[in-house]
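We begin with a single chain expressed as structure tokens, specifically the form predicted alone.
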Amino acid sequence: MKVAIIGVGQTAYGEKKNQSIDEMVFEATKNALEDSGLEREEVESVVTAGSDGLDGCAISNMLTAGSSGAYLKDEVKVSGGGIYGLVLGYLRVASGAFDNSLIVSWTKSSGVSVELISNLAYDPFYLRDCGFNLVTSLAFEASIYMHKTKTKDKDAAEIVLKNRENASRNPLAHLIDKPLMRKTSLSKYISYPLRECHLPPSSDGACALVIASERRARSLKKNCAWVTGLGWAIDGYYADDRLVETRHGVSLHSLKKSSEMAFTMARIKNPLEEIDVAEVSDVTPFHEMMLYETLGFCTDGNGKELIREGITKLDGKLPVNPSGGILSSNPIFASSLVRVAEAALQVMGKAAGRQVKNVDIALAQGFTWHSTQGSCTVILRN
């Protein structure tokens, strides 16, 4: 059974000291329902995607069930990352068990120490006391990639400048100022080779999608984003299981598997030629270049060439992260679902100032929130 995204709702991203988690979830849910044309009473299934650690309470969906419209409805929670909520919602609708589903994800980053919470995800006997956390884990991968591919610090800075310039067109973005190249190149190291400007902000915010069966979607007679490809994969627990060195570069296991699954389902043979726009998890600029290579946008070791030649800029052959990406807005757990929301807006022609011309096929990709252990790839079509 075919499934389509029929409604997208987001809050603005940034520090929201005066807005609670349930208020953010309510705002995103309300926006998504209004965009879909459905009333709350018509929603059959709700998938919530949140982290008890980041939310600071156990079974945090008890806090958000009401504001996500799940009262007296079939509600289920995923805890790997926002994009996994789409996977579960898709399977529930595609199976015929439900005619539609609402998916919502959130994080109030300003209320938690992300470094501390991500450190708790690591082995308590060997890695936790070494200070492993989200940033140090990404730094290890970036360091291997940089050494293997001879990527320059300037290439990473160009990715940051590209995405921050794109964010200036997105009224929902957290960071909307474009830094100077000199300031970017000289920002202090946080965990080598990652500089302060290479790391995303910690944003508060929520994102919601409404999906429906083909019968229901077509009855609404409106532009939809059809899910034509979907793939997901999870890798080993230890970081050295996740990244493999190829002849000229590196490849992320889970991303490779999830993208192959999605491309097969969507019958994509040549991603660079067939995909019109991509929203990917630029958790660091080095990872955006790794994604170019693993997704098949270029050959191994040549991710830097795409940014040097302007191919992934807004006016390039394959614009990547026209929303500004995670480097501009990072509601941590929800960031991967935001990638799907922004790709859907592009396919539906509703991305306003950040709209790319003539989009027929869009790709969205997200990792598990605390590392690159798991990855999902989604292909959307008009």
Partner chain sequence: MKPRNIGIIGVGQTKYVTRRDDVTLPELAREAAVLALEDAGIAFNDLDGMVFSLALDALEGTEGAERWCADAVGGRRIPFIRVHTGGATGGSATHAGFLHIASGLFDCILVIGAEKMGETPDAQKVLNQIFDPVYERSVAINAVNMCSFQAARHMKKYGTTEYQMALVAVRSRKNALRNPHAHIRKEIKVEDVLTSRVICYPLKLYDCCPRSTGACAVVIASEKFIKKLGKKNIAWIKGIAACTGTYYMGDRMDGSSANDHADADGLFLAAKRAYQMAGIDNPRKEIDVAEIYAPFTSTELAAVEALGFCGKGESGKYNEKGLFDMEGGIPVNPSGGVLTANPISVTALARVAEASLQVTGKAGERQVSKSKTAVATGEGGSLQFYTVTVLSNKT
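Numbering follows the first chain given and starts at 1. Since the structure is predicted, the reported quantities are computational estimates derived from the model, not experimental observations.
As for the form predicted in complex with its partner chain, it is not shown, yet the points below apply to it.
Its partner chain is not shown here, but in the model of the complex it comes within 4.5 Å of a heavy atom of A70.
Within 4.5 Å of any heavy atom of its partner chain in the model of the complex lies no heavy atom of T11.
Of the heavy atoms in P319, none are within 4.5 Å of its partner chain in the model of the complex. Of the heavy atoms in K16, none are within 4.5 Å of its partner chain in the model of the complex. Site residues A58, L120 and M265 are all in contact with its partner chain in the model of the complex, judged by any heavy atom within 4.5 Å.
Partner contact region in the model of the complex: 125-133, out of 216-224, 163-171, 125-133, 104-112, criterion any non-hydrogen atom within 4.5 Å of its partner chain.
Among N302, S79, S143, S191, the residue placing a heavy atom within 4.5 Å of its partner chain in the model of the complex is S79.
This chain lacks the partner; the member of D153, D99, E75, D276 within 4.5 angstroms of its partner chain in the model of the complex by a non-hydrogen atom is E75.
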